[in-house]
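Next up is one chain by itself, shown in structure tokens, the form predicted on its own.
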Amino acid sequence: MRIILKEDFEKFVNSLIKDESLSVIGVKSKGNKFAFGHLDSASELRLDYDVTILPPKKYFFPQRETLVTYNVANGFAAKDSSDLKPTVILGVHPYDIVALLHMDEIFRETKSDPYYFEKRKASIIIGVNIQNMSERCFAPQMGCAIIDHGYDLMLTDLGNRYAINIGSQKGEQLLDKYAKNVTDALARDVQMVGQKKQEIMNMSQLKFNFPTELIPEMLNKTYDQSGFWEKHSEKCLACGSCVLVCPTCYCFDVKDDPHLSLEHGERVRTWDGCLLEDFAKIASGENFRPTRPTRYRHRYFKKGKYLFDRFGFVSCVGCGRCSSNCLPDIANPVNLFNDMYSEVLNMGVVIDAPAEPEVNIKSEGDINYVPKLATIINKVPMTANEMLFEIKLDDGSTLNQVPGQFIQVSVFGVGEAPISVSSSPTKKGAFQLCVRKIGNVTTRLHMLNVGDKVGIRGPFGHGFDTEFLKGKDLLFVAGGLGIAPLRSLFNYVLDNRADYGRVTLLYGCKEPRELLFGDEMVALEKRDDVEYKPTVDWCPENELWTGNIGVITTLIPQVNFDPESTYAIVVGPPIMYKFVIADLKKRNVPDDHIILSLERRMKCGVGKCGHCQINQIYVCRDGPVFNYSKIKGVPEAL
């Protein structure tokens, strides 16, 4: 521990500011509030603040950040980070440092986010122990009011001087280079710092009525208590203020921002929030979290249960920003959890602290946000709304997809959309996408011509396990556009027909003119190694249809199969699944013999943005193909 007089500390800060190779950030007053901002003088620095409006995460995960630049003539490129300066951030409270440590784990998992970590590596965190605590702060109860790691330097106000704890070699070098008259701490200084920390632990006006270790299990017991969540969310305005000021929220959206010339532009990442009404809405219009109570509940479960199960920590640091910024004043976690504790007691449920989850964080390299350039080499209209595109990567590489995986398709100046690959990996040289015209990206994609360029990222997610399915009887059940992702596996099986047992395809759509891959379906009727049964919900009087009329489930009683040796692969609109599964169960098909591909709003492809999250599952990372036995009973999944 070191000691520096306050006048010498001010000189230290001014020395940092004068060094033009550094970007120096500190807490400044903003009216009667406080905010992090660039310092022009040490006199602006306020280390006696209670809480800042926004957390310092905004310097590592900005509200608006360029991910990719593009030029219609030259394609996509990573943003230029050559002007990134080392950044010194002064005055970070311990709870915000803990929040950054949480963000580190989140942005490192699966694939590491290079834009976040390049800024983290270029930063120097100078923390300060709390002098004045916000009335909404409950960091002591969350164990985040005092810390012994995560910083480069940590200050404690001792009256006319600061005690400095050195947390890293980087911090020590900064102190040695820019600070003067720094001395070693005396025993009384160390004792005073200990007393200050004890005072901090007793500052909070908010108290939990239970040990905070119970939070994950309490949440687990109250998921289905709809009355509880309706009561607490009744006044929610769905404005998202609580999540947009949170130091551990990391959900984001990705949009294209074209130049007025439309010849170039950039792809930007912006903060998003799970409390916003359209956050979980997919392209077809279905919303998997359509009500305020479900969105309100998701916020608490994500912080207190889902992230705990994945990382071993409750991702609330007790800063109190959420409740400070909530207009109807319903976002205070202490009030909610105390009420939840009473609810659990009234239910007569005994709760114990959950066992520590087994955490095994793995990172498989960096996320690549830059799409590969590709060319449309063929375009075939299939219906009034569906088009089959054949696409080839310009660098000559192969997509190497597994049947059932998806890719992110970019259209210059419009954006990026997840689309399942329709062709089998046995098709070499190019791949196919069956695209429904339903959103901005897909509508613009339909307008492109052969020879036009698009961007491709991926493939992403887990596909169908073709090796495991070898030797099995396969029952394919496709509804509407579900035939497109299912076709990738179906054609793979046909191209390796000897490796698989009996093959049956049940395919349904609304009416005959919506039938996709018509020529291929006609060809199936002539094969003796495939059983094919089509159906339509209804048939207009002026159309010819000789097949079945009725929903897809009317076909299931028409086929004979052994449930013990048959695996059902089901892909279709979300509403179809529960009915198909129910009918398969009537035929005694085991849960683990049912394989599904789920549709969600997948923006990033690597389990970061949060849009495709189903409770603790990220569809883009853990799916989109799931075994029914693994997601049976998971709320929001089906």
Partner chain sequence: MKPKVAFFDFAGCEGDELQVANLEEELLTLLEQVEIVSFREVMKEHSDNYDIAFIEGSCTRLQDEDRLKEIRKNAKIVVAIGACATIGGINSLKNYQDLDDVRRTVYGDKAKLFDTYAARPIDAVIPVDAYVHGCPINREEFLHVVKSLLLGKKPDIPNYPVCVECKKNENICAFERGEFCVGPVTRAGCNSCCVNEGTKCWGCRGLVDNPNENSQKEILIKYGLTVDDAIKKFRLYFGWQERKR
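This structure is a prediction, so every number in the text was calculated from the model and none was measured. Positions refer to the first chain, counted from 1.
Keep in mind the form predicted together with its partner chain is missing from the figure; the text below concerns it.
The partner is absent here, but in the predicted bound form a heavy atom of Glu234, alone among Glu234, Asp148, Glu467, Asp519, sits within 4.5 Å of its partner chain. None of Tyr49, Tyr577, Phe36, Phe60 but one reaches within 4.5 angstroms of its partner chain in the predicted bound form through a heavy atom, and that residue is Phe36. Heavy atoms within 4.5 Å of its partner chain in the predicted bound form belong, among the stretches 328-336, 378-386, 549-557, 522-530, to residues of 328-336. Taking the partner from the other structure, its partner chain in the predicted bound form has no heavy atom within 4.5 Å of any heavy atom of Lys428.
Under a 4.5 angstroms non-hydrogen atom cutoff, its partner chain in the predicted bound form has Trp271 among its neighbouring residues. Interface membership of Leu544, defined by any non-hydrogen atom within 4.5 Å of its partner chain in the predicted bound form, is ruled out. Mapping the unseen interface onto this chain, Leu276 counts among the residues with a heavy atom inside 4.5 Å of its partner chain in the predicted bound form. Applying a 4.5 Å heavy atom cutoff to its partner chain in the predicted bound form picks out Lys255, Asp256, Asp257, Pro258, His259, Leu260, Ser261, Leu262, Thr270, Trp271 from 250-273, in order along the sequence.
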